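In the form predicted alone, a lone chain appears below as structure tokens.
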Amino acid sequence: MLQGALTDWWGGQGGEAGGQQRRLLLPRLFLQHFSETSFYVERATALRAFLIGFLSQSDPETAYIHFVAVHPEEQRGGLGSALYRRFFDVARGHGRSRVRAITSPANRNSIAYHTRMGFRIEPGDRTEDGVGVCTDYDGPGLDRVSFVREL
């Protein structure tokens, strides 16, 4: 169910290679080992939204949102915000005071969404369209925008 969403919800963006890249971001271990901090929404047995997050093992003040998606028909309906608020509550309950996340610099909707949710864009090693970008953050050619939100 989740793997299909990673292909279908992006409308074929990036072709099969793009779908494969998204699927590789969510191996089964996230669902097996971070079930307390990962959530999904189903309606009529169909997946409509999910958030995969975890509590940092290295930094006891930090929680991390790894991947979030909302079915295109459900966007702007509050599901994403509800998942984020639930994650913030769980993180606070575990004594965390900040949440981190990243996105691609090309994903302008994600950048805008995270800033509306109270995340601050962290400085990068370069600026692209007024946004700090961390070059090669996830490997060669995989630049990212890094966010932090204080709880």
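Keep in mind it's a predicted model, so treat the numbers as computed, not measured. The first residue of the shown sequence is 1; numbering continues from there.
Quick note: we don't show the form predicted in complex with a small molecule, though the next part is all about it.
- The contact residue chosen from 116, 33, 43, 94 relative to the small molecule in the model of the complex is 116, the criterion being a non-hydrogen atom within 4.5 angstroms.
- For the chain shown alone, residue 26 is not a contact residue for the small molecule in the model of the complex, no non-hydrogen atom being within 4.5 angstroms.
- In the model of the complex, no heavy atom of residue 51 sits within 4.5 Å of the small molecule.
- Although the partner is absent from this view, residue 56 stays clear of the small molecule in the model of the complex, with no non-hydrogen atom inside 4.5 angstroms.
- In the model of the complex, residue 112 approaches the small molecule with a heavy atom inside 4.5 Å.
- Of the candidate stretches 35 to 43, 79 to 87, 122 to 130, 56 to 64, only 79 to 87 has residues whose heavy atoms lie within 4.5 Å of the small molecule in the model of the complex.
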